[in-house]
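Coming up is one lone chain in structure tokens, specifically the form predicted alone.
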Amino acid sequence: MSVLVFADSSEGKFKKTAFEVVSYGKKVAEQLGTNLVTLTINGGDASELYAYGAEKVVEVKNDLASFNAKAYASIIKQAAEAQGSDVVVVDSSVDGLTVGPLVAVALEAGYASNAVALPSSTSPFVVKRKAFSNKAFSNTEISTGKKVIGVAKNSYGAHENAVSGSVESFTATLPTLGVKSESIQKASGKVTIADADIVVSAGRGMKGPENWGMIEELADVLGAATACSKPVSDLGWRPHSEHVGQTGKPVASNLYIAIGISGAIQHLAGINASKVKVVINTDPEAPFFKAADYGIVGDAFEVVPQLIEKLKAFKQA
């Protein structure tokens, strides 16, 4: 028996979640008294994973130009069977939440997504996970022989645990793909929402797309990603790729700054996993203030330029 972890990557570079799931999988393997196997698909330098406990890395190289849920699930399933893995760990990103259930079905395994802690017990196997749009936690028992765990982003963390690792190649048979990506358009030169530790988000309080310059400037100073509320993307002020919330992209950043966003329940549900939430709004009764860790009641057009100025002075000092 072993624990198999899938370390996700993009354009040949490991995502931050890859280091988190390897850290998590290493501890689960220790709990079970077994070894850890890390699977990569067209990934980066495997030695990067050694620092987090990946003593054995299985590499799959193929001509998949982009993520395909059916193909990835099939590869993970084949690797798990080849390595004798009864526990499979993936992340709970958008891709991970698509692949996880497919892997569980293929392995006839129980699946627990959005896990936020190591199993509190291995017999029975109990995992603490987020529930009800991050408003509560559930202690979920996985009673099947094989188990799939999806680790929530930024919940367990990436912990260095350097080992002397090894790499071996693995050839998987790809299934017939009913859907193929012809082209993918990505924003370049920007921090992505998925990988960002800090997110600067704004809403209709900005009054128009022409005022977004200071939002981007604040994000540049902080090394943050920019995001927006649903009404803003619906109005065409910002691209839909920046829409965060329950109906957009989920955010689990270390710092989330909301500017001119009232805080509709769907938006709060999508960003509630962020560790520190800061809101800037002229309306002291805005719902966002009840969810925020820090709040500033004020005009964004006055507060944000001052914040940028102070941050630049702080960085120079």
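The structure displayed is predicted, hence computed values, not measured ones. Note that residue numbering begins at 1 and tracks the sequence as displayed.
Keep in mind the form predicted in complex with a small molecule is missing from the figure; the text below concerns it.
Put simply, of L64, A264, V276, A51 only one has a heavy atom within 4.5 Å of the small molecule in the predicted complex, and it is A264. In summary, among the residues V57, A29, A252, A286, the only one with a non-hydrogen atom within 4.5 Å of the small molecule in the predicted complex is A286. Shown alone here, A300 lies within 4.5 Å of the small molecule in the predicted complex, counting heavy atoms only. Although the partner is absent here, T247 sits close enough that one of its heavy atoms falls within 4.5 Å of the small molecule in the predicted complex. Mapping the unseen interface onto this chain, H243 counts among the residues with a heavy atom inside 4.5 Å of the small molecule in the predicted complex.
The small molecule is not drawn, but in the predicted complex it has no heavy atom within 4.5 Å of P209. Proximity of R204, P231 and N281 to the small molecule in the predicted complex is complete: all three residues have a non-hydrogen atom within 4.5 angstroms. In plain terms, the part of the chain that comes close to the small molecule in the predicted complex, with a heavy atom within 4.5 Å, is 222-230 out of 72-80, 222-230, 149-157, 100-108.
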